[in-house]
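The chain that follows stands alone, in the form predicted alone, written as structure tokens.
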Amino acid sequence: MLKAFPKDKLTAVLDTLAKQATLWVPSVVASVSRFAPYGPDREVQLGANTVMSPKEALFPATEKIYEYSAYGIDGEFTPVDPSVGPQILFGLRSCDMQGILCLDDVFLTRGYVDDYYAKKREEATLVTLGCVTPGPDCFCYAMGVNPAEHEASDAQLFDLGDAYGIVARTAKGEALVSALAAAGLLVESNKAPLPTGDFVLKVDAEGITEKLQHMFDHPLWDAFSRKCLNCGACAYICPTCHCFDISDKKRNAHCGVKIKCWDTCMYAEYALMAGGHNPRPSKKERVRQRFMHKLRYFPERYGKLQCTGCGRCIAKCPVNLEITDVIQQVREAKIDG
């Protein structure tokens, strides 16, 4: 038997969870589908994944890191508390849960801990929702991600047709399920989760990391870069892209604030050095960096592909430079020697 709540009780479930923490739900804000804090007027959309990934709940697009003041030789720095309090991310898809694991690798391992990310991650409860109908641009299966469920979430939702089944996987998940049970919102169900439908988009990424280890100077990068606009749209909607910049916002001649904000290796200025040298001077180097990082460098460093197969970049790239096409052409490419 599976604990479940009827779909017509979804609002009551969300109202209950919103009393426990800041509740992020898939919705539409300013005509863009994204995860946003839940409120009484917020329309929740669980039918399809969002255009913007949920990473901004843990890694905001802009974030104050400290304030400063300087008068003569005297200076003062005031750190900004990274805590935003408990958060619940409700309705994450497996691809986005996998994306958060990639962010964990970057911000929490290998001797470096980003306090601002770490505090939000520690206070977050992640609730994933199994996919029933993959979108036309989805290919998570090819990236080693199970669309039906993700074992790393705190609680897993399953579509049962007229209800959502829920399974707790961690202590945080148990607390969430207990809160729903205490509110009288859960029932027992013997229904099986609806199966995941067929994927329209097919790609085979087997051996892609090893193949790319021999293709740094391959002419394919020239061909790919001719299409790219370096607009950066792919990076901003991607659940795993994590490049950021540190900038100043001065309030007056003596005071200001340091801000961390999203950036992307697709921009010409990203790798530009103070002396004027740029190791990625053209589109070719920047396009190569993006795909090499997703498919070679990240797996070599962290043991997993940095693409989760969510398909957002495929759907939104204005020139149809699709990572699935890149994977296919790399697999088919001939290597000298």
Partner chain sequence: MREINAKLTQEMGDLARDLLASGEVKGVFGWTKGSRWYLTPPVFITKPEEADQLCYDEFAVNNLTGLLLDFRDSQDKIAIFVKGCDSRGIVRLVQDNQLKRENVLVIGVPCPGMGDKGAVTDHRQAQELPLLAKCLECRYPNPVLADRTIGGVTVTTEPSAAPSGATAEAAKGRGVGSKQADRFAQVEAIEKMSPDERSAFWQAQNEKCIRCYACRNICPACNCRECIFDSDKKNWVNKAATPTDNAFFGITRAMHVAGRCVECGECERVCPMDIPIMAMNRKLIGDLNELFGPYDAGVKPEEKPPLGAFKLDDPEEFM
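Positions refer to the first chain, counted from 1. The model shown is predicted, which means the values in this text are computed figures rather than measured ones.
Omitted from view is the form predicted together with the partner chain, to which the following refers.
Heavy atoms within 4.5 Å of the partner chain in the predicted complex are found in one stretch of 164-172, 219-227, 99-107, 81-89, which is 219-227.
Contact check at 4.5 Å (heavy atoms) against the partner chain in the predicted complex: none of F59, V113 and G303 pass.
Of the heavy atoms in E43, none are within 4.5 Å of the partner chain in the predicted complex. The partner chain in the predicted complex is not approached by A152, whose heavy atoms all lie more than 4.5 angstroms from it.
The partner chain is not drawn, but in the predicted complex it has a heavy atom within 4.5 Å of A315. The closest heavy atom approach of M52 to the partner chain in the predicted complex falls within 4.5 Å.
Think of it this way: in the predicted complex, the partner chain has a heavy atom of just one of G144, G207, P195, P136 within 4.5 Å, and the residue is P136. Of the residues given (I237, L186, C131, V203), I237 alone sits with a heavy atom within 4.5 Å of the partner chain in the predicted complex. Taking the partner chain as it sits in the predicted complex, the stretch 31-56 comes within 4.5 angstroms of it through a non-hydrogen atom at S31, V32, R34, V51, M52.
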